[in-house]
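Considered here are two forms of the same protein chain, supplied as structure tokens in two stand-alone entries, structure 1 and structure 2.
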Structure 1
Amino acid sequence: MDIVVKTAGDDFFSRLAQMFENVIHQGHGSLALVFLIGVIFGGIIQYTRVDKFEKIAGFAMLKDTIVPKMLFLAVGLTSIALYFMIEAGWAHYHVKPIIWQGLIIGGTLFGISMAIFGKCPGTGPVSIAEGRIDVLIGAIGGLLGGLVFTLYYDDFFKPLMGTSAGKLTLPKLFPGHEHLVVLIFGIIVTLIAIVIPKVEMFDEADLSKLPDDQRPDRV
């Protein structure tokens, strides 16, 4: 029996095939490479345990610093590496326009949702793979929210977002010194990740793996 993959049309399976086709033809590497990067990303998330509710919610309450340490370190190192890879022609990115009103509204909603849910779009799928039904329900809600945003974008959300301020980047603000600006920014952000004190919140599953003399709840 021949298997026919439809990549044209508006039905569900055609749109799904188009999603993979877009990934293949957008110059991000082969589908296998993208999959491998996803597996590595998931492994890092599980190793650092930032998919735990305690890590994300603790970050929102300033009681756990693992997430900000990881974020600052990732932003610092990758901002340097990615910029110079782009300069060398080894990578590329698509700068999104600055829309202040939309950023403030969307950022506020995003932050509130992360604090309540204890997940972000990156850690949510990892938790679902671990069998977290509550996160799966939240992900379904997120997909429905995306559907509402798509359906009512022109009539409601686009006017709400305000006007675009253009595609701004930090290096463009200092013409002639782009490389130095990126280098200084990356080093400062990396140093912030290093000097932030390590403070962790644990759930019972993680605490049970620690020796009794190392459990913070029994010290």
Structure 2
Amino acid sequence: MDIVVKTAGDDFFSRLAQMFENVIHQGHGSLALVFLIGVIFGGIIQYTRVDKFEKIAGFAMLKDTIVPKMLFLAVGLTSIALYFMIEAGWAHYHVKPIIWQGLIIGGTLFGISMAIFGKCPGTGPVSIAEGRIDVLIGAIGGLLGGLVFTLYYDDFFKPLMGTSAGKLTLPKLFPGHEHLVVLIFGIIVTLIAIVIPKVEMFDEADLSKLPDDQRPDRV
């Protein structure tokens, strides 16, 4: 028996099938690879526990610094390696444009909600996958936010974002010294990751797995 996948329709499942079809045809990795990137992404987030409320909201309260340490290390290492890969023709930059109003208004809203929610769009789903109901409710809020954004994009959000001031990268500001700028940036950001003092806030579930003499709350 053949399995028939309907991709021409307009119902939810046809459109879901169109999503897979789109990824197959857009030339940014095979369907399996994109899925695998997601699996590794979710796995790293879960295995390092940065999907926890205590990690992100904890950073907002300055009681946990694992997220910035990990984030800055990843950025520092990637920036240097990526530059070499681009020089070798193995990768390209995909820089986002400078849209001042959008970045400032959006960034402010994002920071406020990140502190309250204790999640971001990447860590949220991983939290849901480990059974967090409150995050699931937040995701429903997010879906409505996405809906509102699409509905009022032309009339409200696009004018609010303002116009693009172009795509710019730090090395481009120093013509002739690109290599040096990349190296200095990468090293400084990596060093920041290392020198940020390590402070941690645990949740009950993680604490209960530690042996008694290693529990930071009992020392």
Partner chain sequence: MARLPWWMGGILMSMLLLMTFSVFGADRPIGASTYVPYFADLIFDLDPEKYSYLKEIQNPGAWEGVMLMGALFGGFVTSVFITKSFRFSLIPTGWKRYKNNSVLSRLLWSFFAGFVMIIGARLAGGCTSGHFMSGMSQMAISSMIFGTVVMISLLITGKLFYNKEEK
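Definition used throughout: the rigid core is the maximal C-alpha set that superposes within 1.5 Å between two forms. Just so we're clear, the structure is a prediction, and the values are computed from it rather than from any experiment. Numbering runs along the sequence of structure 1, starting at 1.
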Open item on the list: Of these two forms of the chain, identify the one that is the form predicted on its own.
Closed with: 1
Task: C-alpha of residue 199 moved at least 2 Å between structure 1 and structure 2 on rigid core - done: no
Open item on the list: So with the rigid core superposed, the C-alpha of residue 15 shifts by how many Å between structure 1 and structure 2?
Closed with: 3.5
